[in-house]
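Only one chain is included here, represented as structure tokens and corresponding to the form predicted on its own.
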Amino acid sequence: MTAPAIPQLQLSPTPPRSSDILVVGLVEAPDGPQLVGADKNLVAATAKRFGRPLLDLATELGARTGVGQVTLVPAAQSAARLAVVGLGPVERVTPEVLRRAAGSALRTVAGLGLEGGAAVTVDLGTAEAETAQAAAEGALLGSYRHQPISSEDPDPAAVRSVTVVADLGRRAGELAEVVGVVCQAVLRARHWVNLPPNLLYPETFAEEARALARGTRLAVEVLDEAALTKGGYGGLLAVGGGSARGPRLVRLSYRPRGATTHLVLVGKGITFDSGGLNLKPGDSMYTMKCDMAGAAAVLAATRAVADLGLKVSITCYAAMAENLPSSSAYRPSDVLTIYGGTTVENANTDAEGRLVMADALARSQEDEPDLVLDVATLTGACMVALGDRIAGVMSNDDEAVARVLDAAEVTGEEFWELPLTDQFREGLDSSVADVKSSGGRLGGAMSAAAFLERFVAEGTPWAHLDIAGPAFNSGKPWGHVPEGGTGAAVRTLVQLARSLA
């Protein structure tokens, strides 16, 4: 179940002498469309070969300035073909626009299926490190193709190398390394999310985590059913009790010398969610292999932090279970005992993620973290509020929210703060246990966050990231985002760790 490797990446002040595809931009300037990244020699050679200016040729073939619109054009030199990609109005060409445009262009190139894989040069006028990084990230992420499970040999890499034109001097190599590590982490998370649940279930997912740590500075611990029972992890045992495939709790730790800050990451790892006895409708169940995207994100991000050698200590928890109905499944109205002793009146077996997260959060407090972030595809209510491209952030600490939002702004991932008030905390009062797992129908995302907050020690900064919307793309690909698993939150988590380091 190996994740696909990223193409070879380099940042160069000049384009290589030849490539299969040269990606250039098209912006809307005050006096009309203008090409970006097409040097004068290429423009002159094209005019000589085709008898018309390159810009005219591109627009005649359908090139437009809309962000991410890609048109293939014959090339006169240095590449077999040009991919002209729209960048929008010239005054609005942000790093995220470059990221999405490069992603669209590379997805088009990957779809060509060039024999041996395409060598691609991306020249979008990226003169600064920030814009060069964005273009490089978009290109690598856009080149991703999910490999189907087949009796046939896997398809060869669609893109073998990417060169981003940017004159960054000595910083080029370091930046290429960072981009490569982070993008590999995103592809790893996408790969896990896209695996079918009969292949990726708690035991095999835990083995993937073991393999992830092998040969690195990460230490790994896996608690199986016996260890979870001994430790009193009532949430994981209840949710996983309906499946023949028992739950697991994975703990990765990274302790570099010189680190002064301890970050805890907790991820929801429901490898398939049927809803349990509160069974989901059939159509809603089909994509529920993605309910482990939070665990995929925190595991992949932790490996990236270790690979980059960042001086921040990390403890990562991935709470893994399969939520199925059976004679041994847990029920609405059951009272569960979470790790540490808190009792929970279960309201709905389809609100299972918060129960496994409660165990992991409660355990994580023994690590004495400086900051706790949990990541989960937790509520449909968050999607109702924010749509399918924006993740919600809820927190007990304004600085924690600011750190998440600042990191997300750098990476181009979209997060939005939602309120966490006493209204939602009081809605979890129970007459039969310490707390109820769900509140009323309204404000479901905030109610779920209020429940998770109960398992974070008072005074510990904590933020909850609900990625239910952006973690899985059921629609058409866009920008650097593919169909299926997206790797949501990975880049933001790594960037936040970099800020702490």
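None of these values were measured; they are calculated from a predicted model. Note that residue numbering follows the sequence shown and begins at 1.
The discussion below concerns the form predicted together with a small molecule, not included here.
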- For T379, is any heavy atom within 4.5 Å of the small molecule in the predicted bound form, or not? yes
- Message: in the predicted bound form, does A468 come within 4.5 Å of the small molecule, counting heavy atoms only?
- Response: yes
- Applying a 4.5 Å heavy atom distance criterion, does S326 contact the small molecule in the predicted bound form? no
- Counting only non-hydrogen atoms and a 4.5 angstroms cut-off, does A351 reach the small molecule in the predicted bound form? yes
- Message: the small molecule is absent from this chain, but in the predicted bound form, do T2, E203 and R214 each have a non-hydrogen atom within 4.5 Å of it?
- Response: no
- Query: Of the residues M383, A306, A158, L72, which one places a heavy atom within 4.5 Å of the small molecule in the predicted bound form?
  - Reply: M383
- Checking R389, R255, K280, R331 against the small molecule in the predicted bound form, the residue with a non-hydrogen atom inside 4.5 angstroms turns out to be K280
- Based on heavy atom distances of at most 4.5 Å to the small molecule in the predicted bound form, which listed stretch, 125-133, 396-404, 280-288, 205-213, is the contact stretch? 280-288
